[in-house]
Every structure is written in structure tokens, then in C-alpha cells.
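What follows is one chain in C-alpha cells, specifically the form predicted on its own.
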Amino acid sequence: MNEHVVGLPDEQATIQLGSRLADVLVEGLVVYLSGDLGAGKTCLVRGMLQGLGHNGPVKSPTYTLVEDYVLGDSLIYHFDLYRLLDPEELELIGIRDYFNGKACCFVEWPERGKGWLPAPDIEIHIRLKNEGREASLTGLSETGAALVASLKRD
């Protein structure tokens, strides 16, 4: 397990962390995002998508459960499971099709899909810290640990 803690004094720092994450993305990566409402999970995904060249809006898929983005050769799925009432609902949206080993999947509120989601490569927890926030990135697979280690070196 490899952990990296990053201070996020403002929204721009969260976007920059997302952009740095875009630089190390690999096909099939699964990232769990946790933190309170308004912690900056979607902001982090926005920074990552902008880092990949996305110029449009990035909204939290709270009501749709998933938003997809095709950026060059990259396919990104952004999930928000906050409003999920029963994890079995994931079967109805064909959850297994999204985690196909090719797309990168970012999942907010992953605990609500417990038992239906694959294990993450990286877990990112964002919490309030003083006047800003702090993100803990933990590599949970060999790939995830290598990516977190590469972020530490930057």
C-alpha cells in the first residue's frame, strides 16, 4: 500500500491535483473518491478531465448515476452513487459493462455500491483541513501504488 497526502488550500489546487492524475492515468484504472458532500470530489474529476483536454462542463452525475467522457483514446466514466437506494440497482444499469478493463472509472460514494463494484486501484479521500482541504491518495493495487508513487515524485 502506498499513500500520498496533498494539501489543497483552494479549488484551484484540487483542479491541479486532478490534472496531475490525468498525466498518469492508465487504461482500466478504478478510483474510489470519498469525502463529505462538497468536499471536492467532482472538482477533482473536473481537473482530471480538463487535464485530458475536456473543455465542456463537468457536473456531478448525482441524478444520472454515471456520466461518460470520450477524450482521444481515453474513455472515462464518472459515477456518483450518493442517491443510490439499493446497490442492486447497479445491476439494472449494467454496471459490469462499465468496468471492462479499458475505461477509467471514478466512483463517488463507492460504499453505496458495496458488493457490486470491483476493488479500486486508488482510493482518494478528501477531508476538510484548516481553511482548505487535504487529499489522501492510497494505491491499493500494484498499478495504483505505482501511480501514487509517481505523483509523489512530481
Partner chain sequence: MLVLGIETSCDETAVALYDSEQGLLGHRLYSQVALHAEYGGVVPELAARDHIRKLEPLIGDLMSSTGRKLADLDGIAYTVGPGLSGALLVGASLGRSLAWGLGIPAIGIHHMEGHLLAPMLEADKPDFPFLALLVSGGHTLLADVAGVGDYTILGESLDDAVGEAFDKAAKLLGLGYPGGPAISRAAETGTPGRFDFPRPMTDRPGLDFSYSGLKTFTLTTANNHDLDDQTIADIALAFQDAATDSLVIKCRRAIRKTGHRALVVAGGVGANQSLREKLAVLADEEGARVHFPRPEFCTDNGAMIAHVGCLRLQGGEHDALDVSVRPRWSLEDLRPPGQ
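Numbering follows the first chain given and starts at 1. Given the structure is predicted, the values throughout are model-derived calculations rather than measurements.
The next section is about a form of this same protein that is not shown, the form predicted in complex with its partner chain.
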Problem set entry | Residues 38, 46 and 98 all lining its partner chain in the predicted bound form, heavy atom within 4.5 Å | yes
For this session: Decide whether residue 27 counts as a contact residue for its partner chain in the predicted bound form under a heavy atom distance cut-off of 4.5 Å.
Result: no
For this session: Check whether residue 53 has any heavy atom within 4.5 Å of a heavy atom of its partner chain in the predicted bound form, and answer yes or no.
Result: no
Exercise. Taking heavy atoms only, is residue 84 within 4.5 angstroms of its partner chain in the predicted bound form?
Worked result: yes
For this session: Consider residue 57 of the chain shown here, and say whether it contacts its partner chain in the predicted bound form, taking contact as heavy atoms within 4.5 Å.
Result: yes
Seminar exercise, completed: Answer key, its partner chain contact in the predicted bound form at 4.5 Å (heavy atoms) among 103, 65, 117, 126: the residue is 65
